[in-house]
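Only one chain is shown below, in structure tokens, and it's the form predicted on its own.
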Amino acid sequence: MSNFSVGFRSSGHVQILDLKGELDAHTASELEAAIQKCQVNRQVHIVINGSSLMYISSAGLGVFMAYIEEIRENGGDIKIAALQPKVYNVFDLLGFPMLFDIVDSEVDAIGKFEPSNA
């Protein structure tokens, strides 16, 4: 059984989602629900903190792809921060760094939403 959770925090106008555990086909719906909750609350500046994300499958990656266009159309974006090396390698292998800002730290990701950087 997979262990996965999504925690919610805010930093100014940025919503931070803390991913913990293993994001796979069985747990992807939890991330989907979290992103949908952000959209309902009109929180479209989203930082994914992956420092405690131990594993991601293609189903987990699919959640990011399913929502990024709509979030960007609403003036927002998803920034990804602090990935474990083996998790980053999965993102990198599939070309995600060309589609998403993937940065080393949460602070860097939040900074990408500052008006001069947005």
Partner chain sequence: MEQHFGRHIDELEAIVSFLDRVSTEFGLDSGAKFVLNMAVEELYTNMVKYNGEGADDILIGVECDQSSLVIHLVDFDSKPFDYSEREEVDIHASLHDRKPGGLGIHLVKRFMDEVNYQYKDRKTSIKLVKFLKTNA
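Please read these numbers as outputs of a predicted model, since none were measured by experiment. Residue numbers count along the first chain shown, from 1.
Below: the form predicted in complex with the partner chain, not depicted.
Undergrad: Within 4.5 Å, heavy atoms only, which of Cys38, Ala81, Val90, Ile71 is in contact with the partner chain in the model of the complex?
TA: The residue in contact is Val90.
Undergrad: Even though the partner isn't displayed, in the model of the complex is Ile56 close enough to the partner chain, meaning a heavy atom within 4.5 Å?
TA: So Ile56 counts as contacting the partner chain.
Undergrad: State yes or no: in the model of the complex, is some non-hydrogen atom of Met65 no more than 4.5 angstroms from a non-hydrogen atom of the partner chain?
TA: Contact check for Met65: yes, within 4.5 Å of the partner chain in the model of the complex.
Undergrad: So in the model of the complex, does Gly95 come within 4.5 Å of the partner chain, heavy atom to heavy atom?
TA: The answer is yes: Gly95 has a heavy atom within 4.5 Å of the partner chain.
Undergrad: Give a yes/no on whether Val107 approaches the partner chain to within 4.5 Å in the model of the complex, heavy atoms considered.
TA: Because no heavy atom of Val107 falls inside 4.5 Å of the partner chain in the model of the complex, the answer is no.
Undergrad: Counting only heavy atoms, which residues in 17-35 are within 4.5 Å of the partner chain in the model of the complex?
TA: Contacts from 17-35: Asp24, Ala25, His26.
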